[in-house]
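Starting off, we have a lone chain in the form predicted on its own, written out as structure tokens.
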Amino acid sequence: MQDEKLPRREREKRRHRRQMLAAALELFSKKGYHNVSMHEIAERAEFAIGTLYKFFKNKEHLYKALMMEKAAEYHHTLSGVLSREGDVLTILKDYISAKAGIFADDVATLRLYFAETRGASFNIKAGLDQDIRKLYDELVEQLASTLEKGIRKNVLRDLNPYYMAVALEGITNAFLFCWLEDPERHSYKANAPVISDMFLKGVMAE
């Protein structure tokens, strides 16, 4: 709706930019960042190489713009879930499920993320741009704040809420990786209740 209010030239410019980023995402997710050239992106997007460079000064700039845009979308969606009022446990379960909805329609970005960070799997922020790290840190702090509410209401154990948030992120991302590797066997959506149960109740038999 916002685009419709813009002048025609600006609408065209935005549409071209989206087409270029979509082409780059497809290529990066299939071949990896280092194996894709600006010429390939321009060809896939059906633009002249000079036109591509008018939008992005180099491949690194294009990649950052792509990942920042996607990160902002995810942050907005997940932050919206955590901002809701109501039962903390319901909010946490909705947060876990929301990741399924985000990546179900954007497997290419998930594939790219894991391809770029797999070598540093113990550091969730490895390879991410500073601006994207800031968004991620804000989300983890917001998740920790939600967990802290649960602690104050005696719904959750009195543990460090930040480390609880890190643990929940680790579990969800591990399940996302399994889903990416074998979607038929490891459906994230189907496993969302399992993730909730493991995190909220633990794995020890009562």
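Note that residue numbering follows the sequence shown and begins at 1. Bear in mind that the values here come from a model prediction, so they are computed numbers and not experimental data.
Just so you know, the form predicted together with the DNA exists too; it's not on screen, but the next bit is about it.
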(message) Is Lys13 part of the interface with the DNA in the predicted bound form - any heavy atom within 4.5 Å?
(response) yes
(message) Using a 4.5 angstroms cut-off on non-hydrogen atoms, would Thr51 count as touching the DNA in the predicted bound form?
(response) yes
(request) Give a yes/no on whether Val36 approaches the DNA to within 4.5 Å in the predicted bound form, heavy atoms considered. (result) yes
(request) Considering only heavy atoms, tell me if Lys70 and the DNA come within 4.5 Å of each other in the predicted bound form. (result) no
(request) Could you tell me if all three of Phe47, Phe55 and Asn58 have a heavy atom no more than 4.5 Å from the DNA in the predicted bound form? (result) yes
(request) Pick the stretch from 37-45, 133-141, 147-155, 166-174 whose residues have a heavy atom within 4.5 Å of the DNA in the predicted bound form. (result) 37-45
